[in-house]
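Below, in structure tokens: the form predicted alone, a single chain.
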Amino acid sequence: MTSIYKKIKASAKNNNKLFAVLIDPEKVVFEDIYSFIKKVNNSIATHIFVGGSTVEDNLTKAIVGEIKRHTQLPIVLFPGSISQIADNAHALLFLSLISGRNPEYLIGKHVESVSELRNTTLEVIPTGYILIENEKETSVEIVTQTTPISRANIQKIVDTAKAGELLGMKLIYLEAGSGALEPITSDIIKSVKKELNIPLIVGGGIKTKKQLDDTYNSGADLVVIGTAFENDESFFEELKKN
């Protein structure tokens, strides 16, 4: 498979918008994966992300294996812990929680993961992960013991994203959190995109086609939706391929 990052970068350069469906191994029913992935294949999805804040050991690998049986889409790990590294996926977002100040999630967990990654063929993509406040506590906050950046402090969000790029991150991921009440605002996305020379991923709180379109129009290169499909699979009807 051609480098997933190179394809994301090329798509961003050509303004070809990408879309990822996020599957949390703890929330999906194994027996329902076939029917769910069938809907994903018929949608505008270009990627499948797999991961969650807390996942049972070895579950991710089993879920990825079953997903691969039913799709040709690239499967990218979005890991919340080292136990979610699965060598049967295609790539892994090497997430550094640059919005927080917990050293474990800035570099500590990454060092621990190297011995695991050394034995895989996963494409590892350094990604600056920025958690933005959304009026409710998220599982990411609880697990990482970090505070999200206030959505009112746009300059801090922009500066954090740019710092991530200058540190060598290949992607910036703006996250409102699983089950967010509202998506990240257009003002935030536009302001961050204006400063970056690398692709921008946005996720969290997107529940309608209009919100998805607004996120793209604001500058997101790749949008991630998970909870909306967990709560209402009929959303796929609005996102069918033309």
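Quick note: we count residues from 1 along the sequence shown, nothing fancier. Quantities reported herein were computed from a predicted structural model and do not represent experimental measurements.
Here the subject shifts to the form predicted in complex with a small molecule, a form of this protein not shown in this document.
Going by a heavy atom distance of 4.5 Å, is Pro199 a contact of the small molecule in the predicted bound form? Result no; Pro199 lies far from the small molecule in the predicted bound form.
If you check in the predicted bound form, is Val40 within 4.5 Å of the small molecule, heavy atoms only? It does not: once the small molecule is placed as it appears in the predicted bound form, Val40 has no heavy atom within 4.5 Å of it.
So, Ala12 and the small molecule: in the predicted bound form, are they within 4.5 Å at any heavy atom pair? No, Ala12 stays farther than 4.5 Å from the small molecule in the predicted bound form.
So in the predicted bound form, is the small molecule close enough to Leu222 to count as touching (4.5 Å, heavy atoms)? So Leu222 does not count as contacting the small molecule.
Pick the stretch from 172-180, 32-40, 60-68, 208-216 whose residues have a heavy atom within 4.5 Å of the small molecule in the predicted bound form. Within 4.5 Å of the partner lies stretch 172-180.
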